[in-house]
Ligand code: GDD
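Given next, in structure tokens, is a single chain: the form predicted alone.
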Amino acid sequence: MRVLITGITGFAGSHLADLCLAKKEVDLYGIIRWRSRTENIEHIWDKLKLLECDLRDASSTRDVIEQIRPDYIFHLAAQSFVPTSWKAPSESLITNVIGQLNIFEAIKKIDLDCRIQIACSSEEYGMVLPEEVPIRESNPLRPLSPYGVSKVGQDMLGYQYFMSYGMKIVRTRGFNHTGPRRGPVFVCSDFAKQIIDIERDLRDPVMKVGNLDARRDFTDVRDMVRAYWLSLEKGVPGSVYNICSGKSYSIKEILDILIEISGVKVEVDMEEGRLRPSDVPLLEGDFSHFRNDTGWEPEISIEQTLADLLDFWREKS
């Protein structure tokens, strides 16, 4: 089986590559750009078949997909940092929507019969009303960031190409996921790195934080990529699935767990610069639709995820 991962050098992409390589029947391909940072896949570098491609370029995308002719495509490549989408909204929309459009058009052009997973996001739900929790796939989409809008575009484009051309597309709306290799700009990893720096006396024992009241549904990245695989193995083309733990934590609760695990004594300082123009107050999902179709359930506790994240920064620093 030929498997292509876009975004293979990223956080989730590298963990999905680990999962794929553990399956004997998989011939694994990934696409990179000339400036891609590759530290997440250095441990498996010699096991991958990597091709240079910029998904924003239609001819580059078509050439690579025609060369690989994959059976499975996991489309994870994206501008995935919500605050960046405020500062560079057009880049977020072009990278996420046009990049995916080029993949679909390439598949249509070469008449490739493959299964495609689109990594969409819970940020599509945006403003969720209290009576709408837990969030189901049928919930209205009210995105509150350019990133969320770009993911709605990807989501709807996936539905349209399934309906128009019969492409075997499965859309997954992943809620927040974290774990080892998560970049330091994301909240759990940012907190973990600050704590390890405090452990090592590299900074004063003061945690810099933003909005601690927002509640998020966190899943371990290793559970998340297992869900990605099952979405193509057992998921129904044309369907959209929430991938989440079904439980939300406030950002303060996440911080408290990290502090308790590490044992450090810290003060907390809220910085205005860490606040967003508008923030989604609550994201808590219902994954029963995905569980019914695939049998998937999350297996790794939030405490284990955060402990592993702390160990990642201890080993990396």
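Sequential numbering from 1, following the sequence displayed. Only a predicted model underlies this, so the values are computations on that prediction, with no experimental measurement involved.
Note that the form predicted in complex with this ligand isn't included here; everything after this is about it.
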(message) Each of 30, 103 and 229 having a non-hydrogen atom within 4.5 Å of this ligand in the predicted bound form: is that the case here?
(response) no
(request) Find the only residue in 134, 210, 146, 99 having a heavy atom within 4.5 Å of this ligand in the predicted bound form. (result) 210
(request) Quick one: from 75, 115, 193, 182, grab the residue that has a heavy atom within 4.5 Å of this ligand in the predicted bound form. (result) 182
(message) Whether residue 174 contacts this ligand in the predicted bound form should be assessed with a 4.5 Å heavy atom distance threshold; does it?
(response) yes
(request) Answer for residue 152 alone: is it within 4.5 Å of this ligand in the predicted bound form, judged on heavy atom distances? (result) no
(message) When the contact criterion is heavy atoms within 4.5 Å, does residue 257 count as touching this ligand in the predicted bound form?
(response) no
(request) Give a yes or no for residue 214: in the predicted bound form, does one of its heavy atoms lie within 4.5 Å of a heavy atom belonging to this ligand? (result) yes
(message) The chain here is shown without this ligand. Which stretch in 197 to 205, 106 to 114, 182 to 190, 154 to 162 comes within 4.5 angstroms of it in the predicted bound form, by heavy atom distance?
(response) 182 to 190
(request) Heavy atoms within 4.5 Å of this ligand in the predicted bound form is the criterion; list the residues of 101 to 123 that meet it. (result) 121, 122, 123
